[in-house]
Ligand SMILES: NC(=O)c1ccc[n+]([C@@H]2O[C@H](COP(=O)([O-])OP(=O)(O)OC[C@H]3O[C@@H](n4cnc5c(N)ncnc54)[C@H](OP(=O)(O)O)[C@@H]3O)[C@@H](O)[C@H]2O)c1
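In structure tokens, one chain follows: the form predicted on its own.
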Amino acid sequence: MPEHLTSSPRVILITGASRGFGAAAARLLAQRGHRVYGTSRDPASAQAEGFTLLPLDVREDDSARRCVETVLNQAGRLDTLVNNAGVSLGGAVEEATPEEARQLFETNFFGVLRMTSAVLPTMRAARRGQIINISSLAGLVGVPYLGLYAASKHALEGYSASLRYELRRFGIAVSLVEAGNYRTDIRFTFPAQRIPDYDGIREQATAVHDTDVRDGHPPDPVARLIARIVESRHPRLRYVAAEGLESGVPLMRRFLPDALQEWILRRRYRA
């Protein structure tokens, strides 16, 4: 066992491991001596360094089931699931059709639910396990022109907190990583329709989002945080992964009046 590994090696499954947080965490955890399985919709086009990359589309029940069965058949158990796969949808909330919103939630929320439900029977039987859900600071506050993405992360926050209560009796821990802006290559899409009344201000806010991601820190600090949670004896529910002023968002949400929060966010996103 590597000298820096503070707990026994785990069998870990990380969704969305072809880039961003997932790839960085998979590489680091493999280096730390864990047996890591990552996933990608197209594993043949991705590069896995030190870990196994499996095909998975979190939007499909059969794909989730096959992925978990593959890990169990190869490793004999599954200790930790990191739900990292995610997409984004920009534009004004009014511009998105219900179908476009559903597609976002299929990955960001129902994908988490689908994968978690696939691993829980094995974890409950073993009376131990760990679920780590990669959320966002957008799950704490509304974000102009990323409203449906924020909504999906708000849903993930409530789901994860409730799940933590329900699974504790089975020895299964649930944690959230509330991440700020990092360079993750997350897929940004926009609604097919554009409403002219939002022209100009939509582009201003989108430019801020684009700059935040392009100029953000590399994903390595988040990977190190995920590794720390994996190896923690008593993982907490919430962990903030943010740099600079962003790290104050949870305190802002908790202590500042709504009117002041709105002023700060309108100023930040030029909305």
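Remember, predicted model here, so these are calculated numbers, not experimental data. A residue's number is simply how far along the shown sequence it sits, counting from 1.
Although it is not shown, the form predicted in complex with the ligand is what the next lines describe.
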Picking from Arg66, Arg224, Arg236, Arg41, the single residue whose non-hydrogen atoms come within 4.5 angstroms of the ligand in the model of the complex is Arg41
Spell out, yes or no, whether the shortest heavy atom distance between Asp185 and the ligand in the model of the complex is within 4.5 Å.
yes
Using a 4.5 angstroms cut-off on non-hydrogen atoms, would Tyr149 count as touching the ligand in the model of the complex?
yes
Given that the ligand is not shown alongside this chain, does Val87 nevertheless sit within 4.5 Å of it in the model of the complex, heavy atom to heavy atom?
yes
How about Ser18: is it within 4.5 Å of the ligand in the model of the complex, going by heavy atoms?
yes
Sort through 50-58, 228-236, 198-206, 29-37 and report the only stretch with a non-hydrogen atom within 4.5 Å of the ligand in the model of the complex.
50-58
What are the residues of 128-142, in order along the chain, with a heavy atom within 4.5 Å of the ligand in the model of the complex?
Ile134, Ser135, Ser136
